[in-house]
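Single chain ahead, written as structure tokens, the form predicted on its own.
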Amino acid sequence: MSFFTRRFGLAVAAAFSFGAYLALRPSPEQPVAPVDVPRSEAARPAAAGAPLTTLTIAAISSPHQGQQVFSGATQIILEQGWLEAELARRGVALKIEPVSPAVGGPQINEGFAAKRIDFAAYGDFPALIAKAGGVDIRTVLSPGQGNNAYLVVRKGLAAQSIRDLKGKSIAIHRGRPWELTFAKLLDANGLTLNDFKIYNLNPQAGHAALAAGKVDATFTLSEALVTEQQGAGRIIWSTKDAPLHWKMRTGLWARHDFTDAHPDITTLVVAAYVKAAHWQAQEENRDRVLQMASRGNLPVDLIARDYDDPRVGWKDRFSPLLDGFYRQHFSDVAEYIHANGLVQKRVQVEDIIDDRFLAAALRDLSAGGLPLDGYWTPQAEQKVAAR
């Protein structure tokens, strides 16, 4: 794909940081009743190796009302208590290691490299860079259908598309995962970075620059909804107008040596995340999901607007499936970071996705009474005209 050419090269490499954006997703106010999971034949533990005493999951954590809360399904898992109880039955303690969003990617990569952590839910760029650098991790579950990015123009500017911004100034935080989406948008319209005056600003600084009229547009995350609500800008494009695999993606990643040594424990962890996804996917939990997702982030009405995508139903928003869209996205990321000099070795998508444990978890949870047979279906390609 031509957007992977080196025209983004050295500037991207110089600006790149390991940090990954993780959407803050909900935790329940009450735990969901546990489901007993039978041990599948495909997920029995390896005979060799020292006994496992502690399992460590790294998770993004942020302060909220005087206490630290974990992002996404990890907080739900703590609230449900099922994983902790199942591990305790096997003589294993559960440790959740908090990670600040400001240092998420580097800290998680260091933890994996030093084998201090066993699992982590984090983003595409830092995980693939770790993999290319020799840290053998695999993604074992998708935390959902991805996160949106937005193109916002300043108040009073008549532009209707990215093509109308040619020659104008755009703020974007260089080297962050949403730059890949920006690159795809430019390429789909026959444009390059050289067609614009690019300012390397984080989302907060980009919002301020747009509001002050210092830049003509900004390419950012859901903060764009606040910018528009405050009247400082107008959204003219988002990933809701693009193929689904253009959205930013995260994954539940695991050390490959850990999953090989402890397949039964790996299946339990994946099952816990599947149970959390199933709770999120229930229509009756929608309001609580939106309220929890708004903690310290956006107002509930803007969270609802960000989540609203007619191509993705509420249930499918939380699909854990490692489907074709998931694979396509990570293949695109692997090609992008290699073509632009962020890594020397091209990561192959078949070396980063391990779906054995998800299949076992879905089977075991269904056998234990949770109706998951066919509950989620793989996403099919949906072409959307670039504009």
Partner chain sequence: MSAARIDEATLRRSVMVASPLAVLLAWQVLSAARVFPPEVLVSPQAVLAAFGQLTASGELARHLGESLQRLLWGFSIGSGAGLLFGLAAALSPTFARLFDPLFQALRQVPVLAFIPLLILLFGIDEVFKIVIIAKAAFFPTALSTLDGVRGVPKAWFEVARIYRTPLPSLVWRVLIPATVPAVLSGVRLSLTRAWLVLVAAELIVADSGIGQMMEMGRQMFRLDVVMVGVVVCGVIGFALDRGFVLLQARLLRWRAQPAGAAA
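Keep in mind that what you see is a predicted model, and the values were worked out from it rather than measured. Residue numbers count along the first chain shown, from 1. By rigid core we mean the largest C-alpha set that fits within 1.5 Å across both forms.
Just so you know, the form predicted together with its partner chain exists too; it's not on screen, but the next bit is about it.
Sort through 311 to 319, 267 to 275, 284 to 292, 209 to 217 and report the only stretch with a non-hydrogen atom within 4.5 Å of its partner chain in the predicted complex. The contacting stretch is 209 to 217.
Thinking of Gly144, Leu191 and Ile236 as the candidate spot, does its partner chain come within 4.5 Å of a heavy atom on all of them in the predicted complex? Zero of three within 4.5 Å in the predicted complex.
Counting non-hydrogen atoms within 4.5 angstroms of its partner chain in the predicted complex, say which of Ser71, Thr250, Asn148, Gln107 makes the cut. Exactly one residue meets the criterion: Gln107.
Listed residue that, although its partner chain is not shown, lies within 4.5 Å of it in the predicted complex (heavy atoms), from Ala205, Ala93, Ala85, Ala304: Looking at the other structure, the residue within range turns out to be Ala205.
Would you check, heavy atoms only and a 4.5 Å threshold, whether Pro243 touches its partner chain in the predicted complex? Pro243: no contact with its partner chain in the predicted complex.
Counting only non-hydrogen atoms and a 4.5 angstroms cut-off, does Arg255 reach its partner chain in the predicted complex? Close contact is absent here: in the predicted complex, Arg255 is far from its partner chain, nothing within 4.5 Å, heavy atoms only.
Quick check on Val347: any heavy atom within 4.5 Å of its partner chain in the predicted complex? The answer is no: Val347 has no heavy atom within 4.5 Å of its partner chain.
Does its partner chain come within 4.5 Å of any heavy atom of Val103 in the predicted complex? It does: once its partner chain is placed as it appears in the predicted complex, Val103 has a heavy atom within 4.5 Å of it.
Using a 4.5 Å heavy atom cutoff, which residues in 112 to 129 contact its partner chain in the predicted complex? It's fine if the answer is none. Ala113, Ala114, Ile129 sit within 4.5 Å of the partner.
Is_shifted Lys115 between this form and the one not shown (CA, 2 Å cut-off, rigid core): Lys115 C-alpha, core-superposed: shift of 2 Å or more.
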